[in-house]
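Listed next as structure tokens: two forms of one protein chain, kept apart as structure 1 and structure 2.
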Structure 1
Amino acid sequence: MERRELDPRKEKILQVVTDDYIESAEPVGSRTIARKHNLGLSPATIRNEMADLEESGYLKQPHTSAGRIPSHRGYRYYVNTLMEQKQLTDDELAFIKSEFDSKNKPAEFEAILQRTAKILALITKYPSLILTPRPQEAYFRHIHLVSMDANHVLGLVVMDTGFVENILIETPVAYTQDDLNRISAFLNSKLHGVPLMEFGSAIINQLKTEVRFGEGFDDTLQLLLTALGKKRQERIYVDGTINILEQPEFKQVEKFKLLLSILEEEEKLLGLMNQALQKRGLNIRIGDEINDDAVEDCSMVTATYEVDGRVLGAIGVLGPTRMDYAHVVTVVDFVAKCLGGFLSEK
């Protein structure tokens, strides 16, 4: 929490400037504040206080003779100290709860995350981002091996995160489905609860010494577990990109094209969202705090989601620095908790 550096009068003026600018997207003048808000201050006094706030870096004047808007420092002070968090409406609560109703649970983990991205985009009206769990941090739950033809086996591997990995390997010998069922049962008994990051040569060698499934099994096991151990890349889902066009800041074609290019660049988005994992729970990054010049006019509100106390990934929204933080923070925090609870039921 930021130390309260401003006196109550300046805090109130910064708060109303920020609230009004978020609502209108127009610079806020002293006469507007005096007329709209019952502060008991004259326009001249408000103007002097705004000048002081500008001098100390909390407000800025985008154009000569225009009103003021918050700076990045002003938004940070507002978020940490002045913001009054909004409650979800009854309609929003009902919608979110219905989407996370266990009776509507999709079979595929990916479908859950894609639906979560859509929920966030629909309610916040900003582009939404969902970072999936890192496969190497997942724990093995079970595997089902299926014979595709004489020399190919498909492994359907389920992790505790709910992700299902499909692994197709070329086997050195032909297996019947009965053979594969016995191998699946063996692997499930030995590997259940083992972290994927431990799927290396040591565990492979240990399994080889415990059972013999005939000629070629050692090589098949090596191929299967090595392929699974290489599943290292998390994924990201994006929804609501078109929402950014509703924001006045991005009606300029060049600004929109720049942001659009970022939203289509998975590696950059992975980097932005992975920063959210460095801090458990809710995280708000404003402007240059995101550490990327391409999104210096944007803010990100993210929250981690957890299962059994273990952080799996993160959700969030990307919008202009003028975003409605009081609403977005409530939505992101609540949806992250709903997602974690939903996954815990799998």
Structure 2
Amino acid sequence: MERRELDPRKEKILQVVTDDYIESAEPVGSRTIARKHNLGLSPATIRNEMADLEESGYLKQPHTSAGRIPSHRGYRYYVNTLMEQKQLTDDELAFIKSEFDSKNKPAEFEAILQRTAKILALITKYPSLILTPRPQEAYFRHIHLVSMDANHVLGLVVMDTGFVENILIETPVAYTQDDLNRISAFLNSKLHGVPLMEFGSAIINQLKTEVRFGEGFDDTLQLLLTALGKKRQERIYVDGTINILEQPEFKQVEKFKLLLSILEEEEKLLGLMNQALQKRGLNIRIGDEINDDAVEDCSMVTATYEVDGRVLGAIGVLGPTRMDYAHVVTVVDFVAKCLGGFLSEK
């Protein structure tokens, strides 16, 4: 979108400043640029250009007599236009591939996601977040009711995504396992392929009219389906929190504390990651573009993961705005694809 806003020389300087700052975490000055990169320009010229870039909002100065650092706008331009594609190293590639090798396949969804979080954190060196599939968007495939004791029934619901959900309910009346088998069979025939999102009173009322399994059945049905419909089993896996301590911007305890408190609050993280679902594929949010006041001077790189073309959840990393976007983008993108592929095999 913001293409060719700047002339090539300004672009080059913005790029160099951003690259350098991402690497060093120090404001970069005109002299450094002139020395390190062979632009054929004197520091004075670079200074002039940088002054222009600052005026138009791409760079800023932490204080007079310090070098320049990119503003959010600068990062945005960098990410959109200037950033050079980075390849994964052979080691990284090999590592990721081996972790997603289908032969060591722990069939459990949770374990896979947790491991994905670890991989992502390990390679990017930033805290990583994995959003589980939203149960509301899954389709009902199968239910199995098991009698636990006089008035407890365990419902085992299998979604088309392979996710399995346990629901324990206290029934108003006692059921035999035979009763439950009949009820299960009934529900299976009626609900197959219904999105969990639609589990509400409408569907319950409809079912009620169709058949009755004796006294108290209505209530049981209600309990079961509302429990299932409401079940917020959407979760976030976090790993590599500790990585942010490596980032100089979090050396001040206060900054760090703020971020840690966010990373500990699942509610908040769900909000952050759900934003990632709004757009399919890769998503970069810089600074305020993350819609959350609590997260200051941070960026998120996320990507959705899909099975059979259907978006299930998202993975991503959270880091300072001074993030190694080129690297992170490549990694997040690739890992998301690997995860999707891995899940598809099931």
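All residue numbers here refer to structure 1's sequence, counted from 1. Note that the structure is predicted; figures quoted are calculated from it, not measured. Rigid core (definition): largest C-alpha set, two forms, superposition within 1.5 Å.
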* Structure fact -> Here the form predicted together with a further copy of the same chain is displayed as structure 2
* Asked: Superposing on the rigid core, does the Cα of Glu267 end up 2 Å or more away between structures 1 and 2?
  -> no
* To do: Answer yes if the CA of Ala117 moves 2 Å or more between structures 1 and 2 after aligning the rigid core, and no otherwise.
  => no
* Asked: Any CA movement of 2 Å or more for Asn151 between structures 1 and 2, core superposed?
  -> yes
* Once the two forms are fitted on their core, CA shift of Ser189 between structures 1 and 2 in Å -> 6.5
